[in-house]
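Have a look below at one chain only, the form predicted on its own, in structure tokens format.
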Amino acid sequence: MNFLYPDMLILILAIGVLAVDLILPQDEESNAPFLMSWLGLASIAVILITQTPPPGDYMVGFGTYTINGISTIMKLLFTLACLFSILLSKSYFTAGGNLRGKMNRHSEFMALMIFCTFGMYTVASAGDMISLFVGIELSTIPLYILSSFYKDDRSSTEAAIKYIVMGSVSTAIGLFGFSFIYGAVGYVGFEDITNFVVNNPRDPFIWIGFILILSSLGFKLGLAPFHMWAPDVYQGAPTPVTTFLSVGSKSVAVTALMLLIYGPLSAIHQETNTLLIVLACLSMVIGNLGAMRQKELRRFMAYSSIAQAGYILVGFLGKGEFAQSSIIFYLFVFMFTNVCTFFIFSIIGQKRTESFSSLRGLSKEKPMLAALLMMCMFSLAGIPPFAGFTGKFILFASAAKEGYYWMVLVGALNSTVSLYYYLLIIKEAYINKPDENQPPLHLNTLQKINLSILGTGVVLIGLIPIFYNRVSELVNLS
């Protein structure tokens, strides 16, 4: 039963944060929701780090909910993503904390973030198609609301409308896919589906269902050609929401895809690689080409994330525990690097527009901030010795192990191309002449602490083997 403590605590925390307004006097400046949220999430993260999951699968509810090594490590990732996003949001609830204005309703914002994380937990522990679908929706619906948290901001409202319309279509397509698989098998349990696919690998309903589910997950993962929502939503949503969306939504889609491909659909994994290759190539090329033309920082990161999703799909060409370990490890690398980048953008956004021109002169004004931004860009580009290089190397190695050397070459070439537009960010910070009319930047103690932790992660995760070894150990337990 102790294996379920993190899952129960995250739900209790979400309800508790939501109830704070009923207990405390109505005070928009109260720090109680913020303190309760980050302390609770930090405690849950510590539990997940110190917890040793059972070997194999610990089944709950007739196999509908499963605890194993993979679910434990993914829950840690989701918890850290939510924790850092909430820490980033602190300045957005204070006057002058962001150029777009102050956000209100602490409790609702924090609670929605944590409820979203609980949905991600459900995906990681899904034991059948129903729990998987419910988890995906629980992790998505709160993001529709969070995207429009700037009620009077037209771009925020527009982003939320686009997101919910396209998200609803994606949900319908995914549910249609699940219904095809259920129609073929007659059961929703992963074990029953596995047995059916082993005996009927060419069943047309299974293939139609997989294609529809892949399309739905492609939307949440931000794969091309399902990526059209990403730039507008990344730009319009509040930066803390964009941060959580870029890491959490992408990671939960990868988790769902990993559950299917290495679980009930493992018997047709080799045949599904053709679809994955097409989507990976499209995502890498479209993401890289789109990023080159951007001048707004968050739209730039949207296209960067599309390309990163393509790299992640390359890892799916591998088989077994090594491929799963490489994918999960890269998600951690991506989380630390992306969150650190958005932290820097949020500091820029306190007094300036979040655009390339606002970075000019950063190396002279805030040299440590500029150095950290450069580290993040090099990590995303896969330049050693930063974590992004190690993550991509292991990710591509899983594909090379199965003989997909040409896909490794495609990935390496796209990484080389991506270095060009990541260098554009560095050029703005280090080379271009600063604008003397720009308001000065200020960092508070909380921002400095978080940037120190994230920056350390960007470097050390790739250099110290203990991180990857721990991921491999937990995957092998599953």
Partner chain sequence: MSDVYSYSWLILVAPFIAFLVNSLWLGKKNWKAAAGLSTFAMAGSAVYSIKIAFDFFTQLPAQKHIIAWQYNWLEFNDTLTAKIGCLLDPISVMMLVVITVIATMVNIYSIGYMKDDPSAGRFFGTLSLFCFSMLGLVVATNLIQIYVFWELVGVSSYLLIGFWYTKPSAVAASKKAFIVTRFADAFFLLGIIITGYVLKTFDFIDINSLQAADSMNHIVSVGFLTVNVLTVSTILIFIGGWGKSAMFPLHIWLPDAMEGPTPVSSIIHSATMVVAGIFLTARLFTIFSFSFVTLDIIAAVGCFTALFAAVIACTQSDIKRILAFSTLSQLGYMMFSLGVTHDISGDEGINILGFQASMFHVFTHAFFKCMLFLMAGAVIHAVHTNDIWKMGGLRKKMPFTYWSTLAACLAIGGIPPLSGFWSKDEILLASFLSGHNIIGSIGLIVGGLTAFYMFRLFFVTFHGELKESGQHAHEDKWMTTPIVLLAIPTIGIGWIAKSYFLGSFTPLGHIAQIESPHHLTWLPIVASIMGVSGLIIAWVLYGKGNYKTATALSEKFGKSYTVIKNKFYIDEIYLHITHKIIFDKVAAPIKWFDSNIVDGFMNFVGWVLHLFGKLVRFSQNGQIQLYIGTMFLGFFLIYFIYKVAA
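Residue numbers count along the first chain shown, from 1. Owing to the predicted nature of the structure, the values given are computational and were not obtained by experimental measurement.
There is another form of this protein, the form predicted in complex with the partner chain, and it is not shown here; the text below is about that form.
The contact residue chosen from F115, F378, F93, F345 relative to the partner chain in the predicted bound form is F378, the criterion being a non-hydrogen atom within 4.5 angstroms. Only one of L212, A370, M258, C281 lies close to the partner chain in the predicted bound form, with a heavy atom inside 4.5 Å, and it is L212. Each of W207, L275 and V408 comes within 4.5 Å of the partner chain in the predicted bound form, counting any heavy atom. Partner proximity in the predicted bound form, defined as non-hydrogen atoms within 4.5 angstroms of the partner chain, places exactly one of 417-425, 439-447, 50-58, 35-43 at the interface: 417-425. For the chain shown alone, K319 is not a contact residue for the partner chain in the predicted bound form, no non-hydrogen atom being within 4.5 angstroms.
When the partner chain is considered in the predicted bound form, Y303 lines it closely, a heavy atom lying within 4.5 Å. Taking the partner from the other structure, the partner chain in the predicted bound form has a heavy atom within 4.5 Å of a heavy atom of L413.
Taking the partner from elsewhere, G263 is found to have every heavy atom lying beyond 4.5 Å of the partner chain in the predicted bound form.
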